[in-house]
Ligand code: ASP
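So this first bit is one chain, no partners, the form predicted alone, shown in structure tokens.
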């Protein structure tokens, strides 16, 4: 679908990529907004609902990449989205990109795009904006239209000193996509609830300073895995009564990495010590984070880490998993080119990115 375009191939425009989610959902009735089915409305239809509010002279082009409940996000869809974003960023007629996405896994897509397209978008001075909704499209107070409109404005309006990059906009606020983490089941600002952010219309100078620090540190995008290149990485959560079998189970399966969502500052049950040592000996990559959902996990705290096990820094378990997958794939691609780099080298580059406060 195109809006205000006579020749979409050459006319400068904002590209809207649809991935589905609640913003594209439909509820059975206005009285039952939480009983909706996600991914039912096309992105072109979402745009048509805000047509009268789109700034005059702004051209939009939409493309439906997927239309799913984001809990079903797959490796293949991430690859498709990443390649679409990269190709579109390199298109001179595309001035910015907005992605409508489900909030359940928006944090995985946020870090994925930052680590695979962040440097390119910054270098080209183009913004890629993730947005979504907490209420379906036909809810009486649906938040999708205002979020989509804010995202389009953020992608298209020249904002003083705000560089190109991967961002998210929801509930009148903007943050770096790498900081997304859904920490509430129903709040309208759930994906940005604990994220360092700025107003979608007025930039906070201290936030902008943090953004520039992150973008200055991220100087090389990681390869996008294709097909079966995605390494199998699982998340295991430590808890009271944890059993050694929880870890040992994975030793007979071709899992390439494990993210340990530990308790507190990232500790895990003593029953896991022996099987995790066996996992390391077998070549399984280990990353340790915390199940708390916020704060940082530090190397060798609370106990000395197993050889090769890395701490996740400020990354939540879902984000750490994507970072580990991309790091393992980057190691594989580096070896093909004769470069002596390990997944730890790539993961360390991610963990040391500045934390915006």
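Predicted, not measured: the structure shown is a model, and the values here were computed from it. Numbering follows the first chain given and starts at 1.
Absent from the display: the form predicted in complex with the ligand. The rest refers to it.
The ligand is not drawn, but in the predicted complex it has no heavy atom within 4.5 Å of residue 257. Taking non-hydrogen atoms only, residue 262 never approaches the ligand to within 4.5 angstroms in the predicted complex. Interface membership of residue 103, defined by any non-hydrogen atom within 4.5 Å of the ligand in the predicted complex, is confirmed. Taking the partner from the other structure, the ligand in the predicted complex has a heavy atom within 4.5 Å of a heavy atom of residue 68. Think of it this way: in the predicted complex, the ligand has a heavy atom of just one of 43, 322, 38, 315 within 4.5 Å, and the residue is 38. For the options 169, 117, 211, 134, the residue carrying a heavy atom within 4.5 angstroms of the ligand in the predicted complex is 134. Residue heavy atoms within 4.5 Å of the ligand in the predicted complex occur in exactly one stretch of 226-234, 280-288, 81-89, 95-103, and that stretch is 95-103.
Within 4.5 angstroms of the ligand in the predicted complex, the stretch 170-188 places a non-hydrogen atom from 182 alone.
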